[in-house]
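This document opens with one chain alone, in structure tokens, the form predicted alone.
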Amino acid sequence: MTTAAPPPPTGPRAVVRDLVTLTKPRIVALLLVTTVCAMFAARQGVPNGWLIGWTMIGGYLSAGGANTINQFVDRDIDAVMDRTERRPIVMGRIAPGAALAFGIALVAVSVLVLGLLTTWLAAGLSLVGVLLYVGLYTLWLKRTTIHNIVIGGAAGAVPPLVGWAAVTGEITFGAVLLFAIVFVWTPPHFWALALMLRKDYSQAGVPMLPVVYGEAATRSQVLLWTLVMLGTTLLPYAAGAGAVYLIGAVVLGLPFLGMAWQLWRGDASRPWAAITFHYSLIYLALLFVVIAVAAAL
């Protein structure tokens, strides 16, 4: 005899919890790390605490709004993927229209917060990031091409530009380098995840690289893009970031390369796709912390 699962909790707390879930707090946390550390690099020291606070609030609202709108658009895909089938919209706990309105409201408030309390350039760049993620990636590329995550990765690389613009009111070569690092980090990071979720993407009809060209081709691309990423992370040193940054970039980058190499070899003794994916998250966060520390020193 089986016991039916208890119904999901209801009430204001449950609604708030579901709304927060729509913003994907764990993903936004990594974006905020790149934003704040870019502020240290732009300042070449420690930025004003209030400026950091308002930039983080605006950044969270912007990214959270984009993530919410993404789940509104992708609710049909989410419903057939094991990883996403229990999201609030799919489960019917948040109505699609309410989720869309919530996401748009978050984005609108983020523009006002960043524009009025940091710089309007930061606000504009943040809005561009939302448009790239929702318009370019979610609505177009994700369902049409294997290059979705390469081109769409530009959206995830915008937060360092926002942080830089919040401090300086302009975008200089240093900001472009930080953008480039996140941009080339995205393919090895996301394709490692796609290897883990190949079955999900296949049954949802999403043309991710391992679905269209297979696992061997994807493993090769992860290794290739890891090499490109490591080369890109050396550019800030060439631009004068200093020895502290160089040491940190190399120490963090070599394990990433080792994992990508093992993944490329197809070593079945360990789940290298999962290992590479989870390390990539730690890697990006720590690399930007190194950037901030090197700037503060």
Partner chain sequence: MRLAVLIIAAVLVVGAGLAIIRSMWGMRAPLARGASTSTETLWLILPLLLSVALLAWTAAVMP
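Positions refer to the first chain, counted from 1. From a predicted model like this one, the values you see are computed outputs, not experimental measurements.
Beyond what is shown, the protein has a form predicted in complex with the partner chain; the following relates to that form.
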### Query
Among 194 to 202, 216 to 224, 93 to 101, 112 to 120, which stretch has residues whose heavy atoms lie within 4.5 Å of the partner chain in the predicted bound form?
216 to 224
#### Entry: Heavy atom within 4.5 Å of the partner chain in the predicted bound form - residue from Gly53, Gly266, Gly231, Gly45
Gly231
### Query
Looking at Met81, Ile146, Val73, Leu127, which has any heavy atom no more than 4.5 Å from the partner chain in the predicted bound form?
Ile146
### Query
Can all three of Phe173, Leu209 and Leu235 be found with a heavy atom no more than 4.5 Å from the partner chain in the predicted bound form?
yes
### Query
Can any non-hydrogen atom of Tyr137 be found within 4.5 angstroms of the partner chain in the predicted bound form?
no
### Message
Test of understanding: in the predicted bound form, would Leu131 fall inside 4.5 Å of the partner chain by heavy atoms?
### Response
no
### Message
Check Leu246 for me: does it contact the partner chain in the predicted bound form (non-hydrogen atoms, 4.5 angstroms)?
### Response
yes
### Message
Using a 4.5 angstroms cut-off on non-hydrogen atoms, would Ile77 count as touching the partner chain in the predicted bound form?
### Response
no
## Note on the structure
Applying a 4.5 angstroms cut-off on non-hydrogen atoms, the residues of 159 to 194 near the partner chain in the predicted bound form are Phe173, Val176, Leu177, Ala180, Phe183
